[in-house]
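First comes one chain, alone, set out as structure tokens in the form predicted on its own.
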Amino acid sequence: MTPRASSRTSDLPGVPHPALAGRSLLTLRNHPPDAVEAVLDLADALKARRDGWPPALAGRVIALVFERPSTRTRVSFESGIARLGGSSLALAGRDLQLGRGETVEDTAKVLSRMVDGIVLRTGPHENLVELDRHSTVPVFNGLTYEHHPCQALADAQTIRARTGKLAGVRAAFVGDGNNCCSSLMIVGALTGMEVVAACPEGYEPDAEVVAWADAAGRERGGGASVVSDPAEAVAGARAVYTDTWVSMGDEDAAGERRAAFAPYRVDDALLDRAAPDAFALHCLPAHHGEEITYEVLHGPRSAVWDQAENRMHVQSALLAHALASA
């Protein structure tokens, strides 16, 4: 698609970043490191403002298409868009003709005539790619099976706030090598983090993503790797990250997955093996006593609630860079 220029930047220094203006975000692999830094910097600036946000999205309408259930993604996008003076239309799959056989191409062409941007939360990543292929407005990934870049941006903002930097920081992802794990490796590669995933056999992140993230990360002093031992992964880690063991669509294999992941629970004992100032992350929703204990999730070493809030800040920053209005 052809990038469209955005021009309201007087209240937002550095906006728009040239790699983000009028551009879609399907995966962070499509964007350079300085674009990620620009989103994080603006997210920090928005979070620090106590006198209200500038109306950077005034006159902009963004469609939020949710083919899969959402709490944090929907609320964070709707709240951020409203705070920036824009409007949003939340559309479930049942609200669209996609559920009755209309093609993604036709839907993209219609929505592009009526809105300024589209957020899609769906299943297969190819659904998002096809929507973007036929859209004439920017498309943003609200989650696919393969990637969750907005979550990764919030992860990065949270880690940077806690450690003061990203380059050289070791982060451990413990459990299922899913879309959040892959996206953490990608944002880590672009910012110089060292990301180590501890996963049971058969649940590792995509090998091609790991290889790309390791190669790209090493150029910036970081890297990506996969081990089987959680204690090995968290050794020296400042951030210890986990996610649910049974995601949407995995219910039929719930018993098998819980058995495989039982040794990968994030509890106080595992955190004690990490860096002295280590903190816990979780993209939520959490299942107390499964992937993370209640004591860790709600304890003094938890950064989970900051991480959840930061979804609003990074997504707002992303939309401001992409769609800032005149």
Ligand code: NVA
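Residue positions are given as counts along the sequence shown, with the first one as 1. Values in this document were obtained by computation on a predicted structure and should not be read as measured data.
Although not depicted, the form predicted together with ligand NVA is the subject of the following passage.
For the candidate set Ser87, Asn127, Ser228, Ser247, a heavy atom within 4.5 Å of ligand NVA in the model of the complex is found for exactly one residue, namely Ser247. Here is the short version: of Gln157, Asn179, Asn141, Thr191, the single residue with a heavy atom within 4.5 Å of ligand NVA in the model of the complex is Asn179.
The stretch from 22-30, 46-54, 268-276, 282-290 that comes within 4.5 Å of ligand NVA in the model of the complex, counting heavy atoms only, is 282-290.
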